[in-house]
Structures are given as structure tokens and as C-alpha cells.
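One chain is shown next in C-alpha cells, namely the form predicted on its own.
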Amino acid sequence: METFDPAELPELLKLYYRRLFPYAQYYRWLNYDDIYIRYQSFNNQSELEKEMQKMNPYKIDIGAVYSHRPNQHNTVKLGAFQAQEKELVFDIDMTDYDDVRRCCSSADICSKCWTLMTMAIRIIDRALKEDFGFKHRLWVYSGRRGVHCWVCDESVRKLSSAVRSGIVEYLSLVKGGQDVKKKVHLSEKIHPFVSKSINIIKKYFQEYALVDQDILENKESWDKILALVPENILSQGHFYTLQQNFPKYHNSLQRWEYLMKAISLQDSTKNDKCGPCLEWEIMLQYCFPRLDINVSKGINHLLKSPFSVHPKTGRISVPIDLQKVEQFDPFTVPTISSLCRELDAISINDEGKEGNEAESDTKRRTRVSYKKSSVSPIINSPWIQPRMDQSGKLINLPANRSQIFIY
């Protein structure tokens, strides 16, 4: 695996913003008219490119569309400088699953728990497309432990905070803090959004939850599952029977099957219909997307920009192809270090062909662009399509102006 040394970041960023950052595609995606960096206005891609190469930012966040040009924020009447519109965004962070994933915790991730992000993208994107009719959606890897979604439809950008809150509430089923054991409660009448989400989870549940996460591996883990079963379904005596019988089974697959049969049997004797509902509640608690509500409902909230460099991992925040979500591997995403070394290798090879051995590393690197690097297929993928029509022209461009913040 390519190593990344944060101490090298200042020098690497100079090269990244000079030779690797996809300014043309980035400008076309972001361009609602003008682009701003910390209250400075830029009328075209060239101005943006020059300033970013001058500042070599550690961080790039995208904010809202404002009522006035940001470089005029100190000249307009007090209170007149207001956020007017912004893309609807979603932030899904792996740390929010720490109570249900057993392989990693905190900022750590692995291939086993990354399936949570795969399920999250499939569930949320289906709802945004089919339930809400949103067309222009872009999913992006955060660069470390999560994913972001940008919904760019013109009508969506003008939504109020109240409507945004309603959308994210619709998409939220897991509720409650660390002290809440049972975080999913379904009504007797199951909403189509829930049943469609369950259908997606079922495709991954056995391999992810019962094999990779082994959620019924030992007493500690199965006690967490049994704590989700209400007393009106599972009597105290039956609870202890399950605990005694679980060790008789060899793995989580067998124990899960036994648990579902036991709940179904209890369910039938009590003439209740909570068995299937309970199974779904457990599956949802362990697998359903966990959204950061504050990120989605606030128009003023900033979110990391696509193609920014994560300062901890050095990985590029690359778009995710919805046609290849299952194949996306965060550990193969290029780091700024690996890209710069690629430029060295390519330029040295070109140098041999051209016979220019006296050329310095800096000059050699500046002759090579992202088009020859491993990030080229990602940049040239259809990530910009959410903002383009079939003819390749940008759509729904308002007269207002967008802004970005760089640090």
C-alpha cells in the first residue's frame, strides 16, 4: 500500500494544484456563475486556477449561493448578505456505526465495514431518485472514512431548511444516542421506503452482518441482539432459553436462523404480527444509513469539495461511479504521494525518449498532467453528468453566485 507522509503535504500540494487538479471539470460542475475563495470573486476558470495554485490550500469546502458577490460582503447593508440557495448534501461517516460494527472503530475502516457505505449509497440514492425524483446526484468519497452526496437539481437548491429537514427525516430510521439500545421502531403498517430499503439490505446482510461482522459470535454480541427484542415478544424465561441454546450452534448464520424461528414461534402463540417487523428492525439497526442531519438541513453548512486532499490520509476525494458502487475500494484511491510519484515515473520515461537528462525534477513534473496518471479514468468518468444535459451543456444555471472556502 502506498505510504503517505503528512510532512510532505505542503510540497505535494504545490504539484497537485499545478498539474493534477481537474480545473476544467471542477469549474463546469461548480459553476452556477462565479466562484469565490474566501470572499474573493472569480469570473472564470483561469482566475480560480491561478489563485488556487498561489494558495495551495490544505482544505477546500463548498458553501452556499449568496445574495451578493462575496467580495462585497462588507459593503452591503447589514443583514443583506444572505445565503439564498445550496445543493442538498448528505454526509455519511463510518464513526456513526461504531455501536454496530465489530471490525473497526473511530477513524479506522476496512473492507468488511465498508459494505456499510455501499448499502448507504444504494439505499439513499434509490430514494432520492425514485421517491423524490431528484435527477442530478453526485456521490463522492470523503478521502478517509465516509461518503458525501450532492443533489444539484435547480429546484432542490432553492429548498428551505424546513423542507431539507423533512427530507433527511424521511431518510432517517436509526434514532437515539449511545444510551439508547433499540434505535429502530417500525409501525405495524410498513412504509414502502422501509420495505425497499430492506430489500437492498437483504442482498448484503448474510455476508456482511453474519459472516464478516459475526454479530452473534459470542455472549456479548448476542446479548446486544436480544436486548432489541421487546418483552411482549420474548418472555424472560424464553430469553434465558435462547442464551443457553446459542452456544449449541456453530456460527452467527445458524444462531440467526435459530433466533428468527424462536421469535416466529413466540409470535404465533401470542397471535401477534411483530416477528417479521422485529427481524427488519434488527437488520435496519445494524445496516441502515446513518445521516448527519445538521449537514443536510443547513443552507450555510460547509462540505468538503470533490478532489480535495484529505490531510490525514493523503487520499483524493474522488467521485464514485454509481454503476460500480460494489467495486469501489477506498484503499485503492490514489494518494497525493502516489500521484506525484507517477508523474516522476512518467516524466523520466518521457525524458529518456527526449534525451533531456539535465532537466530538474520541478520542470519535469510540470510537463506531465493528470491525463497520464491513474486518476485520469476517475476524472474522465461521468461524475460531471449530474450537472449536464445530453448535449454536454451545463443546465439550470441561476444568475446568483456560488462560493467555496479554501484553507
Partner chain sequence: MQFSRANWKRLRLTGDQRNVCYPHSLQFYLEPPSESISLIEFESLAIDRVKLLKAVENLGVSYVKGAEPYQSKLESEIRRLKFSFRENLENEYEPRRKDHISHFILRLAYCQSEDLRRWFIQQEMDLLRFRFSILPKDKIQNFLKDSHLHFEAISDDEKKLREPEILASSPSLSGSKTDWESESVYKIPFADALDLFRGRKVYLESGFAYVPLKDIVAIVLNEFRAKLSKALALTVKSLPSAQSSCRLQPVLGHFSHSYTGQDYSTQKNAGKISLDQIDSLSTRSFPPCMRQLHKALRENHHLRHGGRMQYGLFLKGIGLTLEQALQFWKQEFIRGKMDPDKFDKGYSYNIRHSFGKEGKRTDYTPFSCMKIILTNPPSQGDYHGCPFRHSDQELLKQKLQSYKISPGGIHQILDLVKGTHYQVACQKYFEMIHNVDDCGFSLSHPNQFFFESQRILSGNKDIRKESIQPETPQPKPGVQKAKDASSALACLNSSLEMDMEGLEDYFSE
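Fair warning: this is a prediction, and the values are worked out from it, not measured in the lab. Positions refer to the first chain, counted from 1.
Same protein, other form: the form predicted in complex with the partner chain, not shown, and the subject of what follows.
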property: Interface segment, criterion being heavy atoms within 4.5 Å of the partner chain in the predicted complex, picked from 101 to 109, 144 to 152, 131 to 139, 248 to 256; result: 131 to 139
property: Answer option from L159, L210, M260, L228, heavy atom within 4.5 Å of the partner chain in the predicted complex; result: L159
property: One residue of K312, H191, K181, K202 in contact with the partner chain, assessed in the predicted complex (non-hydrogen atom, 4.5 angstroms); result: H191
property: Exercise: S172 in contact with the partner chain in the predicted complex, heavy atom 4.5 Å; result: yes
property: Contact flag, L265 vs the partner chain in the predicted complex, heavy atom cut 4.5 Å; result: no
property: Partner contact for I167 in the predicted complex: the partner chain, 4.5 angstroms, heavy atom; result: yes
